[in-house]
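Given next, in structure tokens, is a single chain: the form predicted on its own.
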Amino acid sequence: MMAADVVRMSKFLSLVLRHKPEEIGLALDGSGWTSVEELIRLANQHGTRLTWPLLEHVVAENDKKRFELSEDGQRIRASQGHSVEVDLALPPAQPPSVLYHGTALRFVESIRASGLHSAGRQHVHLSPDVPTATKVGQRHGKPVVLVVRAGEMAAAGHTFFLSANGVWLTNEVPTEFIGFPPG
């Protein structure tokens, strides 16, 4: 299987499982799950060649573990990052004292002014380590890693969730909990 096929399919799955299921007529349940059989059928009907082996490979090999299969392998969903309303049914979790947010330099002043907001998604995404946050920030331009004092936030009453792929989620991060790089 070519790497380009895996990337292309990962982007397609992100589109239909996180943002626009209606693009192929797919229905997600309230928790973001959909039938694997239906996903494959609709993808192929709409010109995207998808097979069970390709789907299984993309789910297993995605470096960010963006997708998860149900225990019986009959259903699939995105692990996080939805812009469509879903309830992932994640229990609240106690975060580590510090988490990280990767962004682009051009967004830092706006974040400094108003904090981190979900920006069209359901949650703000936070990384457990600097290398992961740096990778996220690079997708948007010159990367900047912000330090989020998650332990203090939790103590102040903010709720955190840990997605199946290790991404920490919260509704917002007020500026008083963000450490900005010098300059």
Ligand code: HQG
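Please read all numbers here as calculations on a predicted model, not as lab measurements. All residue numbers refer to positions in the sequence shown, first residue = 1.
As for the form predicted in complex with this ligand, it is not shown, yet the points below apply to it.
query: Taking the partner as it appears in the model of the complex, which of 112-120, 31-39, 152-160, 49-57 has residues with heavy atoms within 4.5 Å of this ligand?
result: That would be stretch 112-120.
- prompt: this ligand isn't shown here, but in the model of the complex which of 147, 69, 43, 136 has a heavy atom within 4.5 Å of it?
  reply: In short, 136.
query: residue 140: heavy atom within 4.5 Å of this ligand in the model of the complex?
result: Yes - in the model of the complex, heavy atoms of residue 140 and this ligand come within 4.5 Å of each other.
message: At 4.5 Å between heavy atoms, is residue 17 in contact with this ligand in the model of the complex?
response: Residue 17 lies outside the contact set for this ligand.
query: Looking in the model of the complex, any heavy atom of residue 167 within 4.5 Å of this ligand?
result: Yes, residue 167 sits close enough to this ligand in the model of the complex that at least one of its heavy atoms falls within 4.5 Å.
query: With the cut-off set at 4.5 Å between non-hydrogen atoms, does residue 103 touch this ligand in the model of the complex?
result: Answer yes; at least one heavy atom of residue 103 falls within 4.5 Å of this ligand in the model of the complex.
query: Since the partner is left out here, which residues of 30-59 would have a heavy atom within 4.5 Å of this ligand in the model of the complex?
result: Nothing in this stretch is in contact.
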